[in-house]
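The chain below stands alone and is given in structure tokens; this is the form predicted alone.
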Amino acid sequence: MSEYDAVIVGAGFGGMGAAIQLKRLGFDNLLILDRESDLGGTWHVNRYPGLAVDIPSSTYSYSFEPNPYWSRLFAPGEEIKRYAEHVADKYDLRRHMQFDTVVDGARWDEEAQQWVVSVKGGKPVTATYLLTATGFLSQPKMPDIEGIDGFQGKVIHTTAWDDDYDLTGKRAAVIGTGATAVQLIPTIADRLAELTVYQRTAIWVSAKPDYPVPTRVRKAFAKVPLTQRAVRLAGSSILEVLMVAGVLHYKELPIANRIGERACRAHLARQIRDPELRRKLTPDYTFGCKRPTFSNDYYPTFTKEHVHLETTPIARIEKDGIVTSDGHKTEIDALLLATGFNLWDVNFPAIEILGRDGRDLGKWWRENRFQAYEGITVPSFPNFLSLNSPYSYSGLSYFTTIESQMKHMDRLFQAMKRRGVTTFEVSEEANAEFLDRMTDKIGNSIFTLGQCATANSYYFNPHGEATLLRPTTTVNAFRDAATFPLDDYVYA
């Protein structure tokens, strides 16, 4: 008999949502493992200046556990972390959690019909079910630049921010201009003597309607939850139009994409008068190929005399500075890496997972296309739920993905309970049909019909396929999670 009903790898919002659903289904013998020192996933790891959620706070929470107390429309990172702690306490999740624990891998034991999970420095644990909730943004990406290891100044990656290092009066360089850099750069610029930002790919940025949430509004949200649900619905609808209509349904509704791009261009034009600087900051790929972001102060930062935008490629890093391909050297004291995350090389999956007959999930995905039935289960991997899988991310709020997967879990486990069985496995046929359907739908998206070659977007896997996002509406994702054919699974 297994030691645990289920082992969940990851104590972020995905892992906590899965644990809540399992407890609702009657499973209480759970083990949640996390390599970090506390819960919260990316909101525990990231502490860089300017950290905030990049979609309205009202949509960034479990729908069944709204938070009426967000201080701003776009809540700062420390509030998201506190919300995670609140959820863990309210749903009695902490007693299941074990931190500072690195999971080396897991294998399916056919004879015992259980998962054997290997833990670094400890004894393996066994569980009837294995759930991986390692997140999409969990493996930091380090730039592959000649000489970076020889730099003798301070090096800080945004996922390991050093609060003790004082940037005041320093000459710093930021490598990267993605969503993290858009938040970081305006926050630190005024403390620095010189700041040089090295941009490989420009990002689409629109105005950020951010403002403090008045106390009276927070009180209304707490007293009459329906008011907050209405705000959440409005915010979700806007995100749905932006992401689903403008990006995933580009063929049918190209106007939605054009509206998004024009809004970003207008925002840039209002804030940057210098035509050459504006040209450098204008993306050369179609809006939506890469996740856009919001900011009111990112563009104006580049108009300051001590801030420089460098678009010439980096040739190498020397002990005291950065040399670009034209031979120009910029001396710096600190190197700040806003280079994001490595999704595809080391994150799908984040640990070695061996299924039936020793099938290696990572190897199989790379040799047979990235795929997962309804974005959550994989053939030849019994009793396994992968919560960050190809075609799983729905909409722009991660909580949409989490809750649709919780709904899928509910339907699947209820079906097993009625049958009096404990083992499930999605069929090869059902998985193939789902993959064909997703591949067909992605053909109508901006990823297929737009100009995305220069976007350097993490939406695309190494095969050049945009398999991260589910190319349907969020309504469709929830409907399918509640109505998928039960005979798509084999039970035992």
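Start at 1 with the first residue shown and count on from there. The structure presented is a predicted model; accordingly, all values stated were derived computationally and were not measured.
The same protein has a further form, the form predicted in complex with a small molecule, not shown here; the description that follows concerns it.
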Practice task
Using a 4.5 Å heavy atom cut-off, state whether T201 contacts the small molecule in the predicted bound form.
Solution key: yes
Handout entry: Contact of A181 with the small molecule in the predicted bound form (heavy atom, 4.5 Å)
Key = yes
Exercise for the section: Find out whether any non-hydrogen atom of P186 is located within 4.5 angstroms of the small molecule in the predicted bound form, and reply yes or no. Expected result: no
Practice task
Using a 4.5 Å heavy atom cut-off, state whether F434 contacts the small molecule in the predicted bound form.
Solution key: no
Completion exercise
Assert contact residue (the small molecule, in the predicted bound form, non-hydrogen atom within 4.5 Å, options R366, R291, R107, R278) equals R291
Problem - the small molecule: the contacting residue among N444, N456, T439, S427 in the predicted bound form [heavy atom, 4.5 Å] - result: N456
Practice task
Run the contact test on W43, P143 and I175 with a 4.5 Å heavy atom cut-off to the small molecule in the predicted bound form and return yes or no.
Solution key: yes
Exercise for the section: Using a 4.5 Å heavy atom cut-off, indicate which stretch of 456-464, 61-69, 23-31, 419-427 touches the small molecule in the predicted bound form. Expected result: 456-464
